[in-house]
Ligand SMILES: Nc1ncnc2c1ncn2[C@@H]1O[C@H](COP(=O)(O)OP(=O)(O)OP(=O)(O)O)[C@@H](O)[C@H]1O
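So this first bit is one chain, no partners, the form predicted alone, shown in structure tokens.
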Amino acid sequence: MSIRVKFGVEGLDEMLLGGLLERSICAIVGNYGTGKTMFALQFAYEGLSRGERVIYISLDEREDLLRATIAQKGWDASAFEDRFYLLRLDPTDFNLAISSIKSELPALIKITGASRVIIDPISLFEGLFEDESVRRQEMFAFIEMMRDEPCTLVITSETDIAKPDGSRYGLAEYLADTVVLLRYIRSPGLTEVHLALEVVKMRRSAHSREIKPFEIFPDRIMVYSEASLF
């Protein structure tokens, strides 16, 4: 029987039939403002609440701003400070960012014993490679490396403006085991904008294929798995 890793988002875990598969790779794909970082933080907090160790690598948000977001949620960061490894890498420093993610991450996972790893957003890592063939090669090698690590990996990725149903470079959803797509849905009269979620794929497991609305509250995310959009 496959071991499930609860994502920590009510409604989403139900759509995943109990959570992510242990040691799998999940991509959270969405446009700006759809809550990718909030989902990533919720995944991290769920693990910490269960006594796990978590590595969170940010390529976008500053560490102090992420910690401020955590505080706003009412989470007691001091209670798990020794199990939460929050790292901020500067994607503009190409060599350092590449070296840290490819070379140092496996060692960090081994030293810390982290069972959950988050990279937010992976699209900035992908963007470090100007040549498309090199980008594909590097991403494939990185994902294959992570499959050998004893952890469940969540990556976030921005959608392509011209293709809102896929990631910017079209690699994250191809390489990941599970893909959760976040999107805006406008009402028929264009009077309201709703946030909606879809589990696009989940290897080695059945899952809900319906599009469901969700809301982001100060202290949690709620996916209405029993509701219809309109």
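Since we're looking at a predicted model, the values are computed, not measured. Sequential numbering from 1, following the sequence displayed.
Same protein, other form: the form predicted together with the named molecule, not shown, and the subject of what follows.
Undergrad: With the partner left out of view, is residue 198 within 4.5 angstroms of the named molecule in the model of the complex by any non-hydrogen atom?
TA: Residue 198: no, not in contact with the named molecule in the model of the complex.
Undergrad: Give a yes/no on whether residue 33 approaches the named molecule to within 4.5 Å in the model of the complex, heavy atoms considered.
TA: It does: once the named molecule is placed as it appears in the model of the complex, residue 33 has a heavy atom within 4.5 Å of it.
Undergrad: Is the gap between residue 37 and the named molecule in the model of the complex 4.5 Å or less for some heavy atom pair?
TA: It does: once the named molecule is placed as it appears in the model of the complex, residue 37 has a heavy atom within 4.5 Å of it.
Undergrad: State yes or no: in the model of the complex, is some non-hydrogen atom of residue 72 no more than 4.5 angstroms from a non-hydrogen atom of the named molecule?
TA: Residue 72: yes, in contact with the named molecule in the model of the complex.
Undergrad: Among 25-33, 44-52, 201-209, 171-179, which stretch has residues with heavy atoms no more than 4.5 Å from the named molecule in the model of the complex?
TA: Answer to the contact question: 25-33.
Undergrad: At 4.5 Å, heavy atom to heavy atom, what parts of 55-83 sit next to the named molecule in the model of the complex? List them in sequence order, or say none.
TA: Contacts from 55-83: 60, 61, 72.
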